[in-house]
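Shown below, as structure tokens, is a lone chain in the form predicted on its own; questions about how it binds or moves come after it.
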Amino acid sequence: MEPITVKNQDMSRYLEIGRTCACGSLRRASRLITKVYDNFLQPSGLKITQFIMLMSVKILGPITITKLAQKLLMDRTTCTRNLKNLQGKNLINFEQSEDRRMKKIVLTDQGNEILEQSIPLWEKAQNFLLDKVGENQMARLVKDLSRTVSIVRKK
């Protein structure tokens, strides 16, 4: 197979895409910030994705898998897989809802306990980022991302 050569004009196009792609920038930032939270949460045995799911169940629960997936903007299959992992750690349970076709997610006593123990670790991660980025920048970032999600979700 012959190597593909890139014309200079094409290379500038690729560089421009790399420089301006919102998705690429968000994913890089997401991976880095996820790593920060995961490192701080490590003593709890939770990853930030699990912490967020437990927090969401605590705030919204009991809640169906479909509703939780919608709230977290996840596809239902990924949400279910992550919840099964939390169930395997005895942090959540699935209970029958009024509608026999659906199950609701609830935190177990152990899930509540781990969540409570994890909050100070989460706060350390949050404070680390606040120190690095600055409170105003962090507030703007969260606000801008929330607004962007809201706008794109409506379309």
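This structure is a prediction, so every number in the text was calculated from the model and none was measured. Heads up: residue numbers just count along the shown sequence, starting at 1.
Same protein, other form: the form predicted together with the DNA, not shown, and the subject of what follows.
Here the marked residues Lys35, Asn82 and Asn85 all reach the DNA in the predicted bound form, each with a heavy atom within 4.5 angstroms.
Proximity to the DNA in the predicted bound form, defined as a heavy atom within 4.5 Å, singles out one entry of Thr66, Gln117, Gln110, Ser56, which is Thr66. The closest non-hydrogen atom of Lys71 lies beyond 4.5 Å of the DNA in the predicted bound form.
The DNA in the predicted bound form is not approached by Glu123, whose heavy atoms all lie more than 4.5 angstroms from it. Although the partner is absent here, Leu130 lies well away from the DNA in the predicted bound form, with no heavy atom inside 4.5 Å. In the predicted bound form, at least one heavy atom of Met102 sits within 4.5 Å of the DNA.
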